[in-house]
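Taking the form predicted alone, here's one chain by itself in structure tokens.
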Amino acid sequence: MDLRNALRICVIPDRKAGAPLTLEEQADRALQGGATMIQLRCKEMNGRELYETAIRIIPACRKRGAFFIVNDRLDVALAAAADGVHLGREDLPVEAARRRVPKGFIVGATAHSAEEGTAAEAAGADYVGIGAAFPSGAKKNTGVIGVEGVRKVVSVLSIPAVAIGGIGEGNVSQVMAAGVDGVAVISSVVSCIDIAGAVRRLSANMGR
């Protein structure tokens, strides 16, 4: 699977939104529904916990042909033999990570504007996560740039892009029409009783 296809449906398991299921259980059910990427993001976990969680999730991703990336922690991503890492503005700079990873290792970056998207690509990012597309309960302090904001970032990129922030089956077609390759979702999928079904409905409503 190439990166653009892998970004189609990125599911981010979440302890609160997906309770009482574990992160591993959430990931497994999302993969059953057709998730093409799992991103491990849990700021409450230390490095050891993240690593141990990663190595429990990765086999399920490999079985389904899905990609697995770690948010924030390049060290954990490398130690667990993940497919890549996603770096935010407060994490290790993309260019620094790029110099330290093996060939084929994915480095993703976050962009809230066209300027940030251009800078991320210039620094060596393989893809950009754009948002927030809509208001989100998962990241309440993130500024909402809207669908038009997503479109503006995509317009300056030559690398793949994924939209994040408040995306669900009711609005996913709007962000896909803005030109992204896929979406990253949290509560709209993992808070559902039927996580696999939620992923299938999301896919059915993407429209492209």
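Each residue number is its position in the shown sequence, starting from 1. Quick caveat: nothing in here was measured; it's all calculated off a predicted structure.
In what follows, reference is made to the form predicted in complex with a further copy of the same chain, a form of this protein that is not presented.
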**OP:** Check whether residue 79 has any heavy atom within 4.5 Å of a heavy atom of a further copy of the same chain in the model of the complex, and answer yes or no.
**Re:** yes
Subject >> Interface membership of residue 106, a further copy of the same chain in the model of the complex, 4.5 Å heavy atom rule >> reply: no
**OP:** Please check if residue 96 has a heavy atom lying within 4.5 Å of any heavy atom of a further copy of the same chain in the model of the complex.
**Re:** yes
Original post:
residue 86: heavy atom within 4.5 Å of a further copy of the same chain in the model of the complex?
Top reply: no
Original post:
Heavy atoms within 4.5 Å of a further copy of the same chain in the model of the complex: which stretch among 32-40, 46-54, 144-152, 157-165?
Top reply: 46-54
Original post:
Hey, which residues along 59-73 are within 4.5 angstroms of a further copy of the same chain in the model of the complex, non-hydrogen atoms only?
Top reply: 72, 73
